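The chain that follows stands alone, in the form predicted on its own, written as structure tokens.
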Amino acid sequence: MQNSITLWINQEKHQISGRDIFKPLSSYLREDCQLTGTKVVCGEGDCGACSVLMKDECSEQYMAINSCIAYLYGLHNKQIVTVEHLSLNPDIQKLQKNFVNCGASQCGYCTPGIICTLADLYQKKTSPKSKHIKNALTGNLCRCTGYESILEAATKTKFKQPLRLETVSHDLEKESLDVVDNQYHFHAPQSWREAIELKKNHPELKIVANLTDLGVVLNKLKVSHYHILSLQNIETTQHLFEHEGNLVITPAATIHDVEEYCENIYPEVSELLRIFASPQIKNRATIIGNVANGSPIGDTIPFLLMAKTQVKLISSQGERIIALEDFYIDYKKFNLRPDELIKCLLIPLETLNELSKGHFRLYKVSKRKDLDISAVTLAMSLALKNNQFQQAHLCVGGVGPVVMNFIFDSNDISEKNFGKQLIKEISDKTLEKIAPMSDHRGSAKYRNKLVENLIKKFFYDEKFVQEVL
């Protein structure tokens, strides 16, 4: 059992123990390492001023992350690169000079984070287009320069080879972690057996993976650290893989992992995940974390319900598998025994293939296109026979205590031909079953209208009608 964490910052090894492991990475960099190029503004992963690069044992390249919501205890065995170390790289110096020459930096507060985020991009693309740069920078805000000059500086920067950043060769420390400092207590077991025993003996444990959600709460609400159990060290060799007809998603699988997996074979899913959040968030946020959070506006849940996802649970009594729909009982209430943990998600590949070949769409509506919480989400598919309606399947978020799951067939819908009447029947049946609430993201009336309009949009996008009715 190990009572400290190890990470590498700019190729220098850091062994951290006690209360210090409960610091955000940004605070440790600025206060303990005097690496003040990393800035902190929002403290919730929105502005990107705190962006640094991170590499874990499963990654071939470094990835941009928000250091303000990345707590040290979640970074065991990771490698971190800050803007100070990047500035020694000749290729990055070229990018920095273009920022100066194009007037892309005025006060300079946001610039280090932008440089770190672009370094992530230049590992993948030597001459990124404007759309690639815009997508990469969705998590970086600049108050004074204006984005045109930033885009100009980035598009002018072209490399002959993908950017290569040095890594440290080291053996992974594979002992379980158990760090205690007065009321602070952190566990990171190496096996499911250990994790189950901890959950059984300490029901108050807060279960985490990569902390993108809890990190914000800790920063903004000033909540003290929970008694924490992290699943970060379990099954780290594969984040997601295909096995016995299923896509298996482990607790370590990030939104980025799934987006990348789906890009060419399930583009509709990849497109939704592209606006799930910024790259910095997606590089850390996990799919299972989104499921376990249980929010009725969780962006991935409508798709996972539509895909007939199953949840594999593990406890001292063994394993059991339930449908994702049966996992949710009510708002933030789960079909979960006291010592149970989510071991993985199972998505039937057959269902994914059927959806990708059929009439299937995913929608998210929020006040901002990028990096925003949904007001309403919708997954919708349509089954046909001889080009006539057979069945509609809708999974709707933001309209009840959980994501709502509806299937309407020919017994529910009388109209079979595509047109205004069929759309109205499906819309009316859906509106009868939902009960949205009013909050600062939208009124109940607004959410009802959104659902109605998204159903119309589905028929328009699928070219069943010539115009939105």
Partner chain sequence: MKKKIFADEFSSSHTQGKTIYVDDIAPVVGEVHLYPVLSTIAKGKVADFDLTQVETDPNFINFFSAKDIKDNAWGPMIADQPFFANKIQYYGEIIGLIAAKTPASSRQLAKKVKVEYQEAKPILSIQEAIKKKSFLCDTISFISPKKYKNNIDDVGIVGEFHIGGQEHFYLETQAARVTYSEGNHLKIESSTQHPTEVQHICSKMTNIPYSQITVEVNKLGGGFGGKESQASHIAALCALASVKLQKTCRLILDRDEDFQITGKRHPFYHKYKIIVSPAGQIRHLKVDMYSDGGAYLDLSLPILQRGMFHVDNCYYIPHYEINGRIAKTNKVSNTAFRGFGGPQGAALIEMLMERIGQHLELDPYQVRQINLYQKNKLTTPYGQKIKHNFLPEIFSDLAKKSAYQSQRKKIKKLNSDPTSEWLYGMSMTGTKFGISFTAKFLNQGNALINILPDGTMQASTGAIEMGQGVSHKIRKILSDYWGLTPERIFMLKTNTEKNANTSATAASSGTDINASAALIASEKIKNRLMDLYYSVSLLRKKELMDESKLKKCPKDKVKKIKFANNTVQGLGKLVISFQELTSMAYMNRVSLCDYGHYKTEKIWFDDKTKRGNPFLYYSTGAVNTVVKINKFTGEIKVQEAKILMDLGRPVDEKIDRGQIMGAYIQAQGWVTTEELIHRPDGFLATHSPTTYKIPNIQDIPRKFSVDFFPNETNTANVAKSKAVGEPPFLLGTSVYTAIMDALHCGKKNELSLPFTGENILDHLS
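Quick caveat, the model's predicted, so the values are computed rather than measured. Numbering follows the first chain given and starts at 1.
What comes next is about the form predicted in complex with its partner chain, which does not appear here.
Of the residues G108, G245, P267, P338, just one reaches its partner chain in the predicted bound form with a heavy atom at 4.5 Å or closer; this is G108. A heavy atom within 4.5 Å of its partner chain in the predicted bound form is found for exactly one of K343, K364, H239, H76: K364. For the marked spot (E60, G294 and I329), a heavy atom within 4.5 Å of its partner chain in the predicted bound form is absent from each of the three residues. The candidate stretches are 429 to 437, 405 to 413, 29 to 37, 52 to 60, and the one lying within 4.5 Å of its partner chain in the predicted bound form by heavy atoms is 29 to 37.
Contact annotation: Q123 falls outside 4.5 Å of its partner chain in the predicted bound form, judged by heavy atom distances. Under a 4.5 angstroms non-hydrogen atom cutoff, its partner chain in the predicted bound form has K369 among its neighbouring residues. Contact check for P112: a heavy atom falls within 4.5 Å of its partner chain in the predicted bound form. Shown alone here, R143 lies within 4.5 Å of its partner chain in the predicted bound form, counting heavy atoms only.
Residues of 284 to 311 that come within 4.5 Å of its partner chain in the predicted bound form, judged by any heavy atom, do not exist; none qualify.
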